[in-house]
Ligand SMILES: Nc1nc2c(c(=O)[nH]1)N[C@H]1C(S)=C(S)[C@@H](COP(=O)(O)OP(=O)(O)OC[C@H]3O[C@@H](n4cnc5c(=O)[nH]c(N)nc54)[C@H](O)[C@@H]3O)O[C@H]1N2
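Only one chain comes next, encoded as structure tokens, the form predicted on its own.
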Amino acid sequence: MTKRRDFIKISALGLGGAAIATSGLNFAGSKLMATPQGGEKVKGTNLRRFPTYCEVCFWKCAGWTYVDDKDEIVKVIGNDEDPHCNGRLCPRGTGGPGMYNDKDRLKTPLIRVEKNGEQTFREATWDEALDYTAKRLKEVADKHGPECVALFNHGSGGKYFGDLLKAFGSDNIAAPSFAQCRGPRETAWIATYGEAVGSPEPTDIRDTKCLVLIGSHIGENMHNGQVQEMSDAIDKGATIITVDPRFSTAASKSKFWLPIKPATDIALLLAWIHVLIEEEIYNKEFVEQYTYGFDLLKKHVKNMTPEWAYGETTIKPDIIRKTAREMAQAAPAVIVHPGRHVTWYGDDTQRIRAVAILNALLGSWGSRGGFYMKESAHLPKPKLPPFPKPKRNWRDAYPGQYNLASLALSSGICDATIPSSNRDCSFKAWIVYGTNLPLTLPNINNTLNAISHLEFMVAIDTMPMEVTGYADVVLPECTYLERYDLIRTSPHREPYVALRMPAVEPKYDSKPGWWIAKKLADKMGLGDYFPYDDITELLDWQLKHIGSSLEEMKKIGVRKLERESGPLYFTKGEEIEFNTPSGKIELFSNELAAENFDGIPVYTKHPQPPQGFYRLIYGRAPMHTFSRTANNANLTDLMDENSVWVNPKVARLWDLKTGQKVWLKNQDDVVTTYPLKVRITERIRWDSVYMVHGFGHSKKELSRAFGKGANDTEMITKVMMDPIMGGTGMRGNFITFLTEKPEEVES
């Protein structure tokens, strides 16, 4: 990239060289550093165990880290008391020690400098790196205002840096998991039920009689507790209906697999709604008592018959009717799963609205076997000075747009970083915590363009990911196995708390996220917002307020609390007021209508692949989390590269063979940097191809991941924005095959 901010390869200085042994810091209280202490001795072994919760994915299963008498991590297993995992971790969770032992880890702070006319990194002490970061952030604030600083975050430590940024005077805090993943479903659920779905989703799969997965890859995205409950439900005879252009793992366990034509999901959902209403097999009692807008919905879907939907979806009318009746027969113990990664075609809020409406017609919300009423533990918060009120935020860059987005848009902040005459202030500095933006945000060139216009960027990460090569300062965080973090209070059937504590000292010169944020706050004159010397003081204070203590949690790891919000399910005839304009479940959304959007979902045709091109569908693998685990030795042993799934009919047209390497080229003539292998299979429709996300890393410092497979994000140059909440629809990109290496591609 020939711009001011060159990409810098992180050399042995920050990886395998003579990393600085000590930080040179003399902060008061820094000697504590919340180091591991003791650990419970495992009877009959030389092992000690320490409680943790996993950071390899957002499910955050609680577990135990086992350490031997040489202070080496031996294994991580699940905590039997944890409802997220029930004592069983997925491959990612058991592979966690691979992060700790990875020799490619970031080892010491790095500062961008120019040497002999070229930009490079040099090692720095923590004191120096934090001084420099504080100075540069304050310079941006003095020149442009603190509101021109933004935070991108993903993971537990994002809370610390979010508090730091708010104390600084900016609330421009974005997580890619919103605009690039779950945002449309949260907006849709709020518009329908008056509350978001949240994580984990409150799906009562263990007691369901019918589970409908429409693009939700349970078993491959490894939502641990849900995978276990689905297995139990199948054993008890539950019907599984999977709608997917691909024969997924879930599809292989299903009574019905509906290989839908991509981009026609709303047509199928509306046809299902039509069948329930026209055959009068919806839950009449539930609909009459709890919903608003039924007559409008009935009129809307009058002509959306299975025969009409067949012409759009290629799903036969009798299958549409049979599956609708299966749902109705199971109701209210039925779940049409809201999904997780739902940013597909730009009308995603309306598609998930149709899912929410379907659940309402079946009476599943608040019903056993449908959706339970979740509850979280509530911990006291320390008294902090009030955060300064920002003079402006990210919404000012989009006047009148995305009013229903409940969180900041990462793609929106990225776009608003590029100078424009339409904006008073573009973003001038980024704090990037735990998210690899070039492999996360669609349209890589746009992301790099935004980065090139920054005056300052600091990246906090455990690994030398693509994003760290563009930073001015790189701060190495230790892994979750080496640190304390905030108490996990994720919602579930009953409120639980879980402790993460270090099992070993941080390797090299890496530090916990809480420590980095606190020390940076101290240097910026914001130390009052972190009123503790060591995070253990905060954790113990919070735990004592709920009748526990840090010492107790070190021994048990997970503690269940009593429900305070009432029963798990609605009681028959119970009067309930929903947090919507009508006070009811809104089949017709007044909130959407007030913003001049359709109150009931409307099906719109989407572009189809041109001749010789195929729709790109991407997904997850059970042993990997996005791009962040592609270098983990424990997990690359299970899968070290992705492949492209190709239907046999297409393979014959192109004379492709299984195992053959090809490059992909999209509709905008963008070619993957690296090739990937062909997998010929009947498990994908002829009009589509499929690949697992998170491979094709361009960083040579990632010794196991470099150049392995292809990066699907490179192919996502066409983004269809959801006009309701700003989600980035990414499944409107089409690819073709190149069987020979393009001359312009260098590996």
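As the structure is a computational prediction, the values presented were derived from the model and not from experiment. A residue's number is simply how far along the shown sequence it sits, counting from 1.
A second form of this protein, the form predicted together with the named molecule, is not displayed here; the remarks below concern that form.
> Examine T440 and determine whether its closest non-hydrogen atom to the named molecule in the predicted bound form is within 4.5 angstroms.
Contact with the named molecule, yes.
> I'd like to check something about W344: if you look in the predicted bound form, is any of its heavy atoms closer than or equal to 4.5 Å to a heavy atom of the named molecule?
Yes, W344 lies within 4.5 Å of the named molecule in the predicted bound form.
> With heavy atoms only and a cut-off of 4.5 Å, decide whether E55 touches the named molecule in the predicted bound form.
Result yes; E55 sits at the interface with the named molecule in the predicted bound form.
> Tell me, yes or no, whether M465 is in contact with the named molecule in the predicted bound form, where a contact means a heavy atom of each within 4.5 Å.
Yes - in the predicted bound form, heavy atoms of M465 and the named molecule come within 4.5 Å of each other.
> At 4.5 Å by heavy atoms, is each residue in K107, P506 and R704 next to the named molecule in the predicted bound form?
Negative, none of the three is within 4.5 Å.
> Taking the partner as it appears in the predicted bound form, which of 431-439, 401-409, 363-371, 666-674 has residues with heavy atoms within 4.5 Å of the named molecule?
Going through the listed ranges, the match is 431-439.
> Which pick from D244, D472, E186, D415 sits with a heavy atom within 4.5 Å of the named molecule in the predicted bound form?
Only one listed residue qualifies here, and that residue is D244.
> Given that the named molecule is left out here, which of K699, R48, H693, R679 has a heavy atom within 4.5 Å of it in the predicted bound form?
Selected option: H693.
> At a 4.5 angstroms cut-off on non-hydrogen atoms, which residues of 719-733 are near the named molecule in the predicted bound form? List them in order.
Going through 719-733 in order - heavy atoms within 4.5 Å of the named molecule in the predicted bound form - the hits are M730, R731.
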